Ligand SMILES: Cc1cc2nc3c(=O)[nH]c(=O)nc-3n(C[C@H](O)[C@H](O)[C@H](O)COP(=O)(O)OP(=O)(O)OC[C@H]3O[C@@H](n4cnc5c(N)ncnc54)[C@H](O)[C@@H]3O)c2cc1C
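Only one chain comes next, encoded as structure tokens, the form predicted alone.
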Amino acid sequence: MIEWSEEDLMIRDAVRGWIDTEVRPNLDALESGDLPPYDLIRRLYKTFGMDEMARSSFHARLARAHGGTPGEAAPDGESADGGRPGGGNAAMTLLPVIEMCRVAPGLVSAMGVSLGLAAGTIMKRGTAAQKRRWALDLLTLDKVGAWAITEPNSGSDAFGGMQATARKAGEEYVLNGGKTFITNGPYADTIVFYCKLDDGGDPREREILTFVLDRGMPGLEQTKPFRKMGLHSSPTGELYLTDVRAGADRLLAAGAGGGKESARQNFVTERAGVAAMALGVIEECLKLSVEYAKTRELWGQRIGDFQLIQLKLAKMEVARLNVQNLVFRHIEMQRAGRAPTLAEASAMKLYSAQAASEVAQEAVQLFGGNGYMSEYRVEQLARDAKSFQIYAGTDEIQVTHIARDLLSR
């Protein structure tokens, strides 16, 4: 794949038109936190029939995976892509992501965590009964999901430093601990919660368990949204669990590799998706910069005639082409039924995140004093783009995963 097809462009233009009508007029409310993003995302789903596509795909996949046998966990390699925008159509999955990230990347973070991580984990690891109970409402966006793994004292050491625990108590588990930087945490109806089995062994080596929790369970506290540097349209908060009792019906199947492997699969999904998010930011920053370079005049001529400005624009275009090619590669891999390895996903994220952040910062510089003002929008995109280098694993963690893969060959 070297370019978007005519069908892809029709989808892109339709989504772009919807965003211009529905999202851009609400940017100030999204940025201030006065407007949570979920109703907007639901309207996107209903406008393009994504909710019905997700519902049909869910029932077909459930019948295929379980063959009418309830209680059987899904195959470990089953993809959750069919539940995301596009129902398995790779381009339709990513085009809304790219287009929304041109305007409000936080919307994509909120949507992606609910669909790709929360619903995706349940679809990969849940029984048929668990999928019916929780996943369908998430896939149609009738409910909001959160994926809770990060803790205040663990950060990049997500597994070894994890302190949240599950203690067996008869037929139930008692959960305790805290999670931080949880996307959708303040508003989530359904939470996929990772913790360690409290079995008295070495804390760093204990088994990782995954539970599905519901808003309002006794002992579960969801904080108000944090104030953040960027991604203001994506609510982020903390979770506190104090003796939360969860039955075995809330425990997801461990599968091959246990809870750690489940989380790693989601890291791959999340990191590969950052390339599409970065492309949206790069495209919008380049568009705004070209328009400004054509119209802004200094010393009697437009600034686009100055070579230093031309150099900035040229570097932005190189970054756009490179990141677009990574997105095309990811689409082709999906069509071929192959998921990227953790190292490949890390490489995609590392390059794309750095490219988006650099392009956005250069856009601010090109705009000069105006670029530092919020009404010119590159200021917002620069703040949002920086998050790509931090969440889903910092740049430094991506380097580690790529290098380890190279050295293990």
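Every value quoted in this text rests on a predicted model; they were computed, and no experiment measured them. Each residue number is its position in the shown sequence, starting from 1.
Absent from the display: the form predicted in complex with the ligand. The rest refers to it.
For E396, a non-hydrogen atom is located within 4.5 Å of the ligand in the predicted bound form, even though that partner is not displayed. Although the partner is absent from this view, I19 stays clear of the ligand in the predicted bound form, with no non-hydrogen atom inside 4.5 angstroms. Residue contact check for I390: one or more of its heavy atoms lie within 4.5 Å of the ligand in the predicted bound form.
L231 belongs to the set of residues with a heavy atom inside 4.5 Å of the ligand in the predicted bound form. Residue in contact with the ligand in the predicted bound form (any heavy atom within 4.5 Å), chosen from G201, P218, G155, G160: G155. Between the ligand and the residues V274, V113, L94, A166, the one pair within 4.5 Å by heavy atoms in the predicted bound form involves V113. Residue heavy atoms within 4.5 Å of the ligand in the predicted bound form occur in exactly one stretch of 205-213, 128-136, 182-190, 284-292, and that stretch is 182-190.
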